[in-house]
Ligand code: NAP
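As a starting point, one isolated chain is supplied in structure tokens, in the form predicted alone.
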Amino acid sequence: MTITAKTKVLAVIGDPVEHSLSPIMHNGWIADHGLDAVYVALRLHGEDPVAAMRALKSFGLAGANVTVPHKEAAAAAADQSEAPVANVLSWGDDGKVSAYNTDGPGFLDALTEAAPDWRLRVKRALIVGAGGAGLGVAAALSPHVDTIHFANRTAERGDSAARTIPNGRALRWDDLERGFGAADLIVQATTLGMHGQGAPEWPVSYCRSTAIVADIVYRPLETELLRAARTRGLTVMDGLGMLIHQGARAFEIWFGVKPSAAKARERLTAALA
């Protein structure tokens, strides 16, 4: 493609960000639809990410995905945000920035793809982690389940996350065995297990035989958590599902076009290989 001064620029913003597959995914979709746009990765490292994202207005970005650790800052930086935690920014023609959270709806899209009958199976969910991704998933899941427990290494953050939804509860980190045993759906929503990050020995042996286990990590595509769950014959969902479906919803916000999730999975699986 030819990049000119008229080419729309979009980005994924985070720290770290060099591991992100979002540029491959979005540039593939841009090519599929013949759009004059380009998608890049921007590392945002500094003490005031809110001010930095507000300054991006001046550079004419068309849109951005926001990943860890800046999702709360993204919502605060926007002129209007649909949620207190955001993973998508969109710059309007009037210069105003709108923030959205497609993590939760994208997670539900991916969960439906991995386990079409999940609404009949899931009454109790356990979310490991209380960051932006976990909060987005919880908000989307909340109307569909009876109870959502948050287990976080910092207890205060887990308590705070539980208060964001009416059916939220906090679970102590040292009580993970009980949490895994009681949950119909377990969502690992931290960077634990990512390349270069350590991970605990997850208590998968306590899971019910009908449990669904999801991990938002996609490097590696099969984490230790998912490997242990597959060994037990449990239904699993890898991190590409949420990445692709939240990205597809973001792409639709920016361009008004629904891209192909199947093409994205094909490209990303090849990239990971």
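Model, not experiment: these values are computed from the prediction. Numbering starts at 1 and runs along the sequence shown.
The same protein also exists as the form predicted in complex with the ligand; that form is not shown, yet it is the one meant from here on.
- Checking 130-138, 73-81, 163-171, 113-121 against the ligand in the predicted bound form, the stretch whose residues place heavy atoms within 4.5 Å of it is 130-138.
- Highlighted residues R157, M194 and Y218: every one comes within 4.5 Å of the ligand in the predicted bound form, counting any heavy atom.
- When contacts are judged by a 4.5 Å heavy atom cut-off, M242 counts as touching the ligand in the predicted bound form.
- Looking at A189, you'd find a heavy atom of it within 4.5 angstroms of the ligand in the predicted bound form.
- Using a 4.5 Å cutoff between non-hydrogen atoms, H144 does not count as a contact of the ligand in the predicted bound form.
- In the predicted bound form, the ligand sits within 4.5 Å of a heavy atom of R153.
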